[in-house]
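The chain that follows stands alone, in the form predicted on its own, written as structure tokens.
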Amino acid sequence: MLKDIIKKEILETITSPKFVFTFLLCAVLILLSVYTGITTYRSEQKEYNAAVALNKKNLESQQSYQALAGLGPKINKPPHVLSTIASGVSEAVGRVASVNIAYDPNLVDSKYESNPVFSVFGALDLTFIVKIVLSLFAILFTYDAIVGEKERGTLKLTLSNRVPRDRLIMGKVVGGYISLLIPLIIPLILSMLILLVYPNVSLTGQDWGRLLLMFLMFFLYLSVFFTLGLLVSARTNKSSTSFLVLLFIWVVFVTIIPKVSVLAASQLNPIPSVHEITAKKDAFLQQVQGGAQKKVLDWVKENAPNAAKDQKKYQEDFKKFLEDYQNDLTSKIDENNAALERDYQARKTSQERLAINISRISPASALMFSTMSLARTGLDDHEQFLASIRAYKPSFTRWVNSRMMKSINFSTGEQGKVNLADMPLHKFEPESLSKSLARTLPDFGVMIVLIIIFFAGAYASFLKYDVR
């Protein structure tokens, strides 16, 4: 009997005009989003390779280590292949950071900066389509699943044939959910085939694992709205009322809760602005630079008698003094900036965590956070990459200070030619799949809990539902 109910539910759904419309629209949007994502990823790859080559050329063209210290290497963030599925914050945050001896590095040059129109319309990725379009279709498939049959009189007729209510609701759940997944699964399979055959786009075994987990999250997210639709349909007496209630809940889940969570976190846990932190760093830098000039003059006056006795030794001592003093100054600047940055980042992270935890009651937020973490295009990946750049700065500073002082010829005033052979290189190890999965477990938990609550509510409500 259950098999017959499932079969009937599937046949009724897939032969309806709304299923045909849903399937065609989903196929077009999903394939278009993946193709657009691949095109964007390949374009970002070309930009990244060109930027790395240009940066290397610029560094090699510097005439002195002093010029190199002021310019510094530019660290470009490589694009992630799974940004084709979930672009995350990768387009909104910076993509390149300059590392020099004076300033703390920050990522700048976001896609929104270079082309502000993207900030108006946003990205059309697969996550967006699932979050907005397919969740609405889940509501469209279920808002009249029970109350609609009551209005048409078919529910009363079915139950008059002694069909058990528990089997009827289970048949509706299974059959309806299969019908909902068909417009998603078929385009997803075609999209994966495109990823496999598209040139210059390669996914590792770990990438495929991340992709499967993202698809699982998509299915859970749709299950939330599917079971919610059944619950509301089993608690109302008119299909119009059911649709309005579901639309209201959808707006709250998808748009209101995520925005309110950010506002609530900023009020509950305020932090200083980035401009205040920058002003404190600049003030300390000016203070250090002002004292440095006096320190150098004092050393020259104190050691002036030695210059007449042994000019060569005097120059070597002066080089050693400048190297040590320069390292001491840059260490003080780095320590001050690091202390300010640690405090700011800790407070900012605390505020972000509060906003994320508040917004996680919304399945839409849980979907976004989990897919961004799995695609490595989220806030955590951004912070880790920036932290790796800031950890690289001290090693570059020590190296360039050492080369800068040793290359000066006090007799001629000339500086030695720049040699980058032993310059330390920036290294960034992307987060492993196990760590990304551990970060997304709360989001999977939220989805599963909501599905259980909504399904249990729909099941219990239908058992007591008045079909008259």
Partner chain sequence: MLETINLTKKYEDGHLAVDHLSFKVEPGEIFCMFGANGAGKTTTINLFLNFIPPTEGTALIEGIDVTKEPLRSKDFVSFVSENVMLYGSFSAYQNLDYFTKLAGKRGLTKADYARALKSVGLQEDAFNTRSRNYSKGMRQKLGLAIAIIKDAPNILLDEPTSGLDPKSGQELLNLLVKMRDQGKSVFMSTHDIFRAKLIADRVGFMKKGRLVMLKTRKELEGEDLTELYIQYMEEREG
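Note that the coordinates shown come from a computational prediction; the quantities given were computed from them, not determined experimentally. Positions refer to the first chain, counted from 1.
There is also a form predicted in complex with its partner chain; it is not shown, and the following applies to it.
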So which of 319-327, 102-110, 223-231, 147-155 is the stretch with heavy atoms within 4.5 Å of its partner chain in the model of the complex?
147-155
Spell out, yes or no, whether the shortest heavy atom distance between Ser160 and its partner chain in the model of the complex is within 4.5 Å.
yes
I'd like to know if Ile452 sits close to its partner chain in the model of the complex, meaning any non-hydrogen atom pair within 4.5 angstroms.
no
Given that its partner chain is not shown alongside this chain, does Pro272 nevertheless sit within 4.5 Å of it in the model of the complex, heavy atom to heavy atom?
no
Is there a heavy atom of Ala456 no more than 4.5 Å from a heavy atom of its partner chain in the model of the complex?
no
Each of Ala97, Lys348 and Glu352 near its partner chain in the model of the complex, meaning some heavy atom within 4.5 Å?
no
None of Gly209, Pro394, Pro164, Pro78 but one has a heavy atom within 4.5 Å of its partner chain in the model of the complex; the exception is Pro164
